[in-house]
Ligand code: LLP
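So this first bit is one chain, no partners, the form predicted alone, shown in structure tokens.
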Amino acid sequence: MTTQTQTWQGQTMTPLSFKESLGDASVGGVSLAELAKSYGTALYVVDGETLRQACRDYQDTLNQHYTAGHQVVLACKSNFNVGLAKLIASEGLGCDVVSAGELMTAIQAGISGDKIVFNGNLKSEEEIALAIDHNVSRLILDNFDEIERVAKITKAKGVKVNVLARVAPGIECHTHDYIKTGQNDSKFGFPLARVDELLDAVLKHPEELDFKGIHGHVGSQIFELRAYQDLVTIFFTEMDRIRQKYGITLPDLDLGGGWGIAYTHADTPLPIPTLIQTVVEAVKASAEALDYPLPRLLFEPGRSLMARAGVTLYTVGGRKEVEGALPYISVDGGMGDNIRPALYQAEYSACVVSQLGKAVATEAVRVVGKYCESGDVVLRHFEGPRMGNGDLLLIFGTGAYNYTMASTYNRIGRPAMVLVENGKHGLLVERESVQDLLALDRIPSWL
């Protein structure tokens, strides 16, 4: 155990507005201690500055380097509510939705259908009808059953819908098995070898389906530019083959999302503008080589927009010493608000807010949550100041998938979420109360 002054050098892991002070820190110009006092903990905090800058990194780079048309749509599964939808819409982004709930959240925020694409491997008839009624820009077909389902509904409504087809490009990236999607053995999309069958099935419905292009997604938390370059090459080759065989020049190319962020110092993602410039160069090169018109590009980022903007604030509430093992530090959250460490061994960076700038003893500990599971671990190995009850612990990079994958396990309500920006703070989502948890419970008549 050593004694040193505690500071945090987070580089690209902290929100852009993160600033340290003695025994505290601020995000968006707002004290984290003040947020904890005002809203309680566990607490999701979203930095508006960081989120806006990520949106602009995509938009500005595309505006500068690609003039053939483009649309950036937030992968809403990463983090979504009406307030966040309004923020990203104010930056020119649309939404990539996969459910009626996500669709209606976007609509409630005032996002028009022409900036919404509907994705997912199983869309119910009700969801397809809802998407058509709200004039979504593109329905993304994921399997053969869905082709017939969409065609039946559009015929009944007397309308024609724009469709893309999700195609698995056969690219396997170096990421966790649970977040790989580009390989052939995946629940998502049509195999590349069956594209002709796909086209034949779609073209049977010329009055109902307008085939606009293909969609691909290589996975999640990807750092390899080569994966996106390969995706472009594979898809242009296929688009050219379709043109030669069917006489169809596809106007759209959807390259999905998946770009990674820095959760720890071991993660080394390149900046978003570098990714976009690389992809655009690959698109232009393939189009020129094949004499193919430049398509309208679609991107569906989620994590790379949301993750860095979000942090989670916990209060330390207990300590357990174990002979021959790391001490256990318990906090007032855990797997109910962040399932990722339990689900696929995700790692995070953190700081003890209440010890910043102070000369304190340091130690290695394991930070765990309050849920009744041995796998409820927040940080498996954290080296920092010795923590005591009441200390505030801040986890970085929690803006993506933490809230949207949260649960009410153990009948514990999900945390509140606040937006901080320019010294202001306001609720995006209220804390879920016990009364909220009980509100949908019913007692059968015979009990």
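Numbers for residues come from their place in the sequence shown, where the first is 1. Everything quoted here is computed from the prediction, not taken from an experiment.
In what follows, reference is made to the form predicted in complex with this ligand, a form of this protein that is not presented.
For the options L62, M405, A416, V30, the residue carrying a heavy atom within 4.5 angstroms of this ligand in the predicted bound form is M405. Comment: this ligand is not present in this chain, but in the predicted bound form one of T154, S354, T312, N119 has a heavy atom within 4.5 Å of it, namely N119. Across the proposed site, Y39, E102 and H425 without exception lack any heavy atom within 4.5 Å of this ligand in the predicted bound form. Proximity to this ligand in the predicted bound form, taken as heavy atoms within 4.5 Å, picks out 302-310 from the listed stretches 302-310, 355-363, 192-200, 289-297. Heavy atoms of G219 reach within 4.5 Å of this ligand in the predicted bound form, making it an interface residue. At least one heavy atom of Y401 is located within 4.5 Å of this ligand in the predicted bound form.
Looking at G333, you'd find every heavy atom of it more than 4.5 angstroms from this ligand in the predicted bound form. At the 4.5 Å threshold, heavy atoms of A75 reach this ligand in the predicted bound form.
For the partner-free chain shown, R340, Y344 of 325-349 come within 4.5 angstroms of this ligand in the predicted bound form, judged by any non-hydrogen atom.
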